[in-house]
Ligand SMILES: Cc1cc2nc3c(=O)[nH]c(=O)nc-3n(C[C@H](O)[C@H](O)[C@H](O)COP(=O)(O)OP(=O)(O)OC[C@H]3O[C@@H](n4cnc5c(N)ncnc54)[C@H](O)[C@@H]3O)c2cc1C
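The data below hold one chain only, encoded as structure tokens and taken in the form predicted alone.
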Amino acid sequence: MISTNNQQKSFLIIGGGITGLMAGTILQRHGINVTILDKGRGIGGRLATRRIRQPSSGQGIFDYGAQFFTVSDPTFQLWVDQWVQQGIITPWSNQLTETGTICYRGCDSNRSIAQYLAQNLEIHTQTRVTKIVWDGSQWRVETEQEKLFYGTRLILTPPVPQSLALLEDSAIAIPSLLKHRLAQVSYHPCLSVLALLDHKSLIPEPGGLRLKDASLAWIASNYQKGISPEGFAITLHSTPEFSQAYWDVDNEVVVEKLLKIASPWLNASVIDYQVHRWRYSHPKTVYGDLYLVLEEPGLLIMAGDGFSTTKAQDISLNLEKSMLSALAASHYCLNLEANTL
């Protein structure tokens, strides 16, 4: 194993989604050293954007995770207002929710929100954590890439089932009552289809449609959304029921079925496509608190959109749930650090 840091870091955060990035941003702004580890090639988690390049048709850019987000909490609104002023996000429409709530999106893409938060953070991507060990004074995090990371505090932000699996593989004991509560947290899956069309679709303004269909939940034009100016990029999200039923089915079958349902709004040929499987798309049940603190064997905090007092009434509020969990967890950490000085 190779140690990547000669100097002990104060906080290690596992997971580079919105929760990990927000917690890292807040802690670092208060002078605390932070290192974030993420198994993916890029940061952002479900703030995901991908490109499909075709010589004959240009480049399609797809938001294929979270499509937009809404705000209900005043504290989160303060952050959102700052992001709007800084040109990181922009209102997309108020036609995408039944309540007429303003929907926000990243100006360049939704991943650009994550990239903004990550710009001053130490982040290691393509770093899959295999084991965490408390050595008596600090955490040692072992990775598939045979690199070691150290920190006195540890924050886990992956989906709860993944965090539980890591704790079990690391032989980290959890009190039975807490373990039972964590085991009750579950997530809906989602199959996402990224389709590059040969010309503009018939999707009406503002470029996104929620469908009341048993198989297809959402269809969006990234071209009309404004993030794919050179390619007619379409994102389709299946319903949780369809995702569950077709999770292990070949991509060709998934794409054929969903494109058939979407065909009235496409009226175009598909040049190329990709499929992404979101096993943990959004919480089905939640923990009941904004974060969890484990004090033994060392201080470990769990946070994320699965940590909430209530399930989001609308999927567009899940990013806010992640943010509120990150804010609460990081403020706990700041208070802890202040009291130990």
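We number the residues from 1 along the sequence you see. A quick note: this is a predicted structure, and the numbers were derived from the prediction, not measured.
There is another form of the same protein, the form predicted together with this ligand; it is not shown, and what comes next is about it.
The closest non-hydrogen atom of residue 61 lies beyond 4.5 Å of this ligand in the predicted bound form. This ligand is not drawn, but in the predicted bound form it has no heavy atom within 4.5 Å of residue 311. In the predicted bound form, residue 298 stays away from this ligand, with no heavy atom inside 4.5 Å.
Using a 4.5 Å cutoff between non-hydrogen atoms, residue 30 does not count as a contact of this ligand in the predicted bound form.
Taken together, the three residues 18, 158 and 319 all lie with some non-hydrogen atom within 4.5 angstroms of this ligand in the predicted bound form. Out of the listed residues 37, 286, 292, 52, 37 is the one that sits within 4.5 Å of this ligand in the predicted bound form by at least one heavy atom. Proximity to this ligand in the predicted bound form, defined as a heavy atom within 4.5 Å, holds among 260, 128, 200, 179 only for 128. With the partner left out here, this ligand still marks one of 251 to 259, 115 to 123, 82 to 90, 159 to 167 in the predicted bound form; by a 4.5 Å heavy atom cut-off that stretch is 159 to 167. Residues 64, 65, 66, 67, 68, 69 of 62 to 77 are found to place at least one heavy atom within 4.5 Å of this ligand in the predicted bound form.
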